[in-house]
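Here you get one chain, nothing else, as structure tokens; it is the form predicted on its own.
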Amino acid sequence: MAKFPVRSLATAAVVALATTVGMLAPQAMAQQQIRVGGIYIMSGTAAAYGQFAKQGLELAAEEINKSGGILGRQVTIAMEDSQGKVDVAIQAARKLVFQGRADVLIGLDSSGVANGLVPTVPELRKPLIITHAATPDVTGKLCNAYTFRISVNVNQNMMAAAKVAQETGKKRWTTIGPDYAFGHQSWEYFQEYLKRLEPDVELMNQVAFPRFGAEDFTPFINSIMQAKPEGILISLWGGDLVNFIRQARNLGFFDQGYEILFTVGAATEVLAAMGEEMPEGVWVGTRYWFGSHDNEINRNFVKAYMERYKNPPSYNAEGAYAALYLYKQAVEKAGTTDGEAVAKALAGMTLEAPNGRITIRAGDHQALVGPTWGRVAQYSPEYGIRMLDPVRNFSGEEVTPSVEETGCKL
């Protein structure tokens, strides 16, 4: 039998132990951390939305980590740019889960991207919490066990918009919106709900749907002005809305006496870009308005956000912030980060968020949450945006259709 020197055996043992530790360290570290994958538009004309969402996630993660993490584990954030494209978003989701070992996915800005990505989510076996994309389909006909939405959807926002429109007394309505799911569904549901409230209203055939990312809105503005509506629902958003408003001002669009409803015009991304150029008196909607929720959670959130980022939080920042706290609550209820267990915990869960109490319906995974609408008013030097006055917060119960109406079958 061969004999080896004691020193050689000791050295070999140390090398073997070091090799084993080196091999296990990445896996052990992965188990110690809870990984959150964010998928938002981080480039192009809508990049501000992704940036605000990233800030909301970072702030929530920082607060959670300071208070001990989730189940004693620290939270890390990894962001991917969807570029507003379905194939890119699907690739990003798979990368975050299979390479990055993400425990949860949070995000999505575009309704078109959401409709494309959501059917693939069950194969990932991780919860997806949507914080912005508003298409009803993802908590409707495309719903599944792993997809949830904490934010306002088109149904909810358009029911509120219809109530606002009815109260203006205007009878002839048309629309200008992006030529994809969000624009078309906004007009579809607005028509349905306004007709219910005001049967004799005229919903015009002369409508305008410029492509998302269009640079010249002049032909669409002129065609709508020539049609002589009384009220106009405008569902453009992001850089498109900023460009539209500037071009419309130059054409005298806001001097015609129209009642104008911007469906997401109170996004602080838009208000900050427009500054004092934002036209006064128009109605604007938003999923969350930082100044209209008088509760301790919102006061603390706005204060912390302002101190860190030097500007008021947008609805995308609040949605991402609340989504991470929702996930934390679900993990703690489940006692594990296992995707299936957390998804079951999320269904029916209630969260105290900056915009009030939110319940995720078990039947379709849509949050019972209402939008905020207000008229654009005075400019605030403190916040660098025009404020809203008056402001109306709609409750989720008054604007959310029943689960049966959504078409969701879980």
Partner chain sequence: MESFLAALLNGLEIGLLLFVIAVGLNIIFGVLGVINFAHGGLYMLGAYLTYTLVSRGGLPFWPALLLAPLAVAILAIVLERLVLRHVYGRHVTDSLLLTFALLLIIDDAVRMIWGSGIQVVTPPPGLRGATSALGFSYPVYSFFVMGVAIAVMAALWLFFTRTRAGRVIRAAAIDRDMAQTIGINVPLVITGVFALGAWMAALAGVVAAPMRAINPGMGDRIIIDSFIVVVIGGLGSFPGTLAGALVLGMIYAFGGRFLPELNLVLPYIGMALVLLLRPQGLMGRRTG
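Positions refer to the first chain, counted from 1. None of the values given here were measured: they were computed from a predicted structure.
Unshown form predicted together with its partner chain; subsequent notes refer to it.
Worksheet item: Pick from 327-335, 214-222, 67-75, 282-290: which stretch has non-hydrogen atoms within 4.5 Å of its partner chain in the predicted complex?
Response: Heavy-atom contact with the partner occurs in 214-222.
Worksheet item: Using 4.5 Å between non-hydrogen atoms, is Glu269 touching its partner chain in the predicted complex?
Response: Glu269: yes, in contact with its partner chain in the predicted complex.
Worksheet item: So in the predicted complex, does any heavy atom of Pro312 sit within 4.5 Å of its partner chain?
Response: The answer is no: Pro312 has no heavy atom within 4.5 Å of its partner chain.
Discussion item. Quick check on Gly44: any heavy atom within 4.5 Å of its partner chain in the predicted complex?
Written reply: Result yes; Gly44 sits at the interface with its partner chain in the predicted complex.
Worksheet item: For Ile297, is any heavy atom within 4.5 Å of its partner chain in the predicted complex, or not?
Response: Result no; Ile297 lies far from its partner chain in the predicted complex.
Item to complete: Assess the spot marked by Pro229, Val376 and Pro390: is its partner chain within 4.5 Å of a heavy atom from every one of these residues in the predicted complex?
Response: So, no: the whole triplet misses its partner chain.
Worksheet item: Of Ile260, Met159, Cys143, Val242, which one comes within 4.5 Å of its partner chain in the predicted complex, counting heavy atoms only?
Response: Exactly one listed residue reaches within 4.5 Å, namely Val242.
Discussion item. Residue by residue through 93-116, which ones have a non-hydrogen atom no more than 4.5 angstroms from its partner chain in the predicted complex?
Written reply: Sequence-ordered list is empty.
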